[in-house]
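Have a look below at one chain only, the form predicted on its own, in structure tokens format.
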Amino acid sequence: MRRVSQIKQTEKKRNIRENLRNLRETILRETKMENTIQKNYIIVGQGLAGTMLAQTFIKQGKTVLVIDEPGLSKASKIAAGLYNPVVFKRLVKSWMADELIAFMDDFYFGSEKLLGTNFYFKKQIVRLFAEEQEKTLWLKKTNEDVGKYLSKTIEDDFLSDLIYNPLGSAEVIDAGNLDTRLFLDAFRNYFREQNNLLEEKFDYDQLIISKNSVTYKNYTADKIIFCEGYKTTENPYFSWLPFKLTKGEIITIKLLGDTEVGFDKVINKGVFILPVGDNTYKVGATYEWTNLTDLPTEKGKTELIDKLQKVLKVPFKIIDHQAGIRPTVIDRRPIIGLHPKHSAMAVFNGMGTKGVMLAPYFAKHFFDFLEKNIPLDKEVNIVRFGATFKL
């Protein structure tokens, strides 16, 4: 009986919330401004996912409004922006690597031309071997499908004056990084110049949801798409999605001493060391699942320093220390699709640590779904989490 009573109380609360929501939308609809601006899509969030989605839609001739609170997209901006077609742990190709890399080259090089700014860089990743078995496996894998991304020779003295490299190293081909801050800032200016940007915190109470459209303040659109990163967990319409948030910390260092010439390739062993110019490097990253704030910690810094000192022979100083929260998903795949109840509402999120690779391809994939009725890949489709949906 107690269980039945609890169920009835829960249903009663849901009905109250639904009635209040309907009342609020009715009031907003009746007081709607006459000078409504029509857009095809409203995109909430201008991190990597939201930026690439907006630009993809604009390229396809659609009108877009991007709503973003200044300073909110911190995780995207502090990210190293590395892309790597190889999973080091098993030495296999990263999921969809062939398709993703071909697509991202076209997207980023095209964006550089559009914006007149260079932010997409091809850089080999030097893998320092931790044991002889890893070296043996690497040479074996060069003859398999993943071998197209692996150098076939082992170098024993790579940067021996700067790097501890007792077991040798090899390189990942067709890797590199996106300068995420430069990329996002350049597109923010572009969206602003094109009058496609509303710089404010999104107010869910101002959203009116209809069957085939949405209205936000004096804007009306066919659909609204949320690209809010980890903030999706606070979205009243999508908070039911099973995100597994992870905090990551990165330090920026400068080499000291007589080191006038550093290195221009990415080093990987326990941490990544990414050259960013002027003998300066980004080093990361940590993974934390409990202390989910965007504040850097002494624990994170100490962890990175300890790992870095096992790789670098030369002294260095820390010139910056940042943290952000990644919107990773329990099955490590993006979450893309329409809301189970509201067909004018959608989500494009969960790119995680591979956002630089995933977002360009799946932005076009989502466009084809919305505009051409091409089915979504089942591995990214939001319907895979339908059973967890709560009204």
Ligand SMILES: Cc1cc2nc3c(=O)[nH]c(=O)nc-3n(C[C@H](O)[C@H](O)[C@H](O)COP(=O)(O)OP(=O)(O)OC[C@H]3O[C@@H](n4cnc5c(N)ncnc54)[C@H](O)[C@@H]3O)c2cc1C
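Here the structure is a predicted model, which means the values were calculated and not measured. All residue numbers are counted from 1 along the displayed sequence.
The same protein has a further form, the form predicted together with the named molecule, not shown here; the description that follows concerns it.
Taking A80, V266, V271, V86 one by one, only a single residue has any non-hydrogen atom within 4.5 Å of the named molecule in the model of the complex, and it is A80. The single contact residue among S111, T215, S76, S169, judged by any heavy atom lying within 4.5 Å of the named molecule in the model of the complex, is S76. Contact between G248 and the named molecule in the model of the complex is found at the 4.5 Å heavy atom cutoff. Contact check for F202: a heavy atom falls within 4.5 Å of the named molecule in the model of the complex. Contact check for Q55: no non-hydrogen atom falls within 4.5 Å of the named molecule in the model of the complex. Of the heavy atoms in G277, none are within 4.5 Å of the named molecule in the model of the complex.
Exactly one of the stretches 347 to 355, 362 to 370, 55 to 63, 329 to 337 approaches the named molecule in the model of the complex with heavy atoms within 4.5 Å, and it is 347 to 355.
Residues C227, E228, G229, Y230, K231 of 216 to 231 are found to place at least one heavy atom within 4.5 Å of the named molecule in the model of the complex.
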